[in-house]
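Let's start with one chain on its own, the form predicted on its own, as structure tokens.
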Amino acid sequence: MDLLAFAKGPILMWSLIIFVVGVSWRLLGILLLRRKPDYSEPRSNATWWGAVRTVFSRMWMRKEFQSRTAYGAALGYVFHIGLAIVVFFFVPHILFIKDLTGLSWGGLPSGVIYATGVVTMIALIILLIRRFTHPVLKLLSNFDDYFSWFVTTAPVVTGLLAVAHLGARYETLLGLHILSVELLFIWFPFGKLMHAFLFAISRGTTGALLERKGAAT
């Protein structure tokens, strides 16, 4: 069995099962948590509005911190948006999703995807260098931060190498790309990558609580 056949074999199915079951377990564990009753008189009952407003208002930095956080936030947006474009608008990825779910949509030209992939990879590398060199970020970083960076960057790098046919046979590079994606699926529920699902719950809960208390969000 060669590397590509191994990558497309049972390990693909098991990585998807771990991803779906792990994410569902984490979400259900949070959503089904028992909450202490709050007997205080609410200053506002528009908690849903507070939740929705906070989900979107926290997508941009507060004016007081813009001068210190704009650079890191811009890099974060570049790599998140770039990654979303590459994952959801590259035609082979859409075909893969269609095979799994039956859902499909139009893709972007390959040239656009390749350019976006390069920009995304550069942003990820700059973010890693910043994490190594920024004294506060370096102090706060742990294994989860670095390994999550690795499993996010590896599919981007191996995907670019595969489409460029650089470094090895195409079949080998494609096999490495698929294996790197499977590693991402397996790690996703256990690390900080879960923020892709949890950010809305976290912000919404905070917004609802602050709205009930009548505080600004």
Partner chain sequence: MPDNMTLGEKLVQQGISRRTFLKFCASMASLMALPPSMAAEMAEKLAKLRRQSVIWLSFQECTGCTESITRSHSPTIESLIFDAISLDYHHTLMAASGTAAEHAREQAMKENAGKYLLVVDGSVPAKDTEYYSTIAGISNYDMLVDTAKGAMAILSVGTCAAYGGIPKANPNPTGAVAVSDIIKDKPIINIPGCPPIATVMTGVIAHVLTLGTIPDLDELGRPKVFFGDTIHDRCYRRPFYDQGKFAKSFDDEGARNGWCLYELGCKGPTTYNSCATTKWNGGVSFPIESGHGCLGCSEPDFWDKGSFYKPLSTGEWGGGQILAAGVAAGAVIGVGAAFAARKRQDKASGGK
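Residue numbers count along the first chain shown, from 1. Note that the structure is a prediction, hence the values are computed from the model and not measured.
Below, we refer to the form predicted together with the partner chain, which is not included among the displayed structures.
Engineer: Which single stretch, out of 60-68, 185-193, 43-51, 170-178, brings residue heavy atoms within 4.5 Å of the partner chain in the model of the complex?
Structural biologist: Among the candidates, contact is made by 170-178.
Engineer: May I ask whether Lys8, Gly29 and Pro92 each come within 4.5 Å of the partner chain in the model of the complex, counting any non-hydrogen atom?
Structural biologist: Every residue of the spot touches the partner chain in the model of the complex.
Engineer: Within 4.5 Å, heavy atoms only, which of Tyr114, Phe147, Tyr77, Phe132 is in contact with the partner chain in the model of the complex?
Structural biologist: Of the candidates Tyr114, Phe147, Tyr77, Phe132, Tyr114 is the one lying within 4.5 Å of the partner chain in the model of the complex.
Engineer: Taking heavy atoms only, is Met13 within 4.5 angstroms of the partner chain in the model of the complex?
Structural biologist: Heavy-atom contact with the partner chain at 4.5 Å: present for Met13.
Engineer: Does the 4.5 Å heavy atom contact test between Trp25 and the partner chain in the model of the complex come out positive?
Structural biologist: Taking the distances in the model of the complex, the answer for Trp25 is yes, it comes within 4.5 Å of the partner chain.
Engineer: With the partner left out here, check for me: in the model of the complex, does some heavy atom of Leu100 sit within 4.5 Å of the partner chain?
Structural biologist: Taking the distances in the model of the complex, the answer for Leu100 is yes, it comes within 4.5 Å of the partner chain.
Engineer: Is Leu33 near the partner chain? Define near as a heavy atom within 4.5 Å, in the model of the complex.
Structural biologist: Residue-level check for Leu33: yes, a contact with the partner chain.
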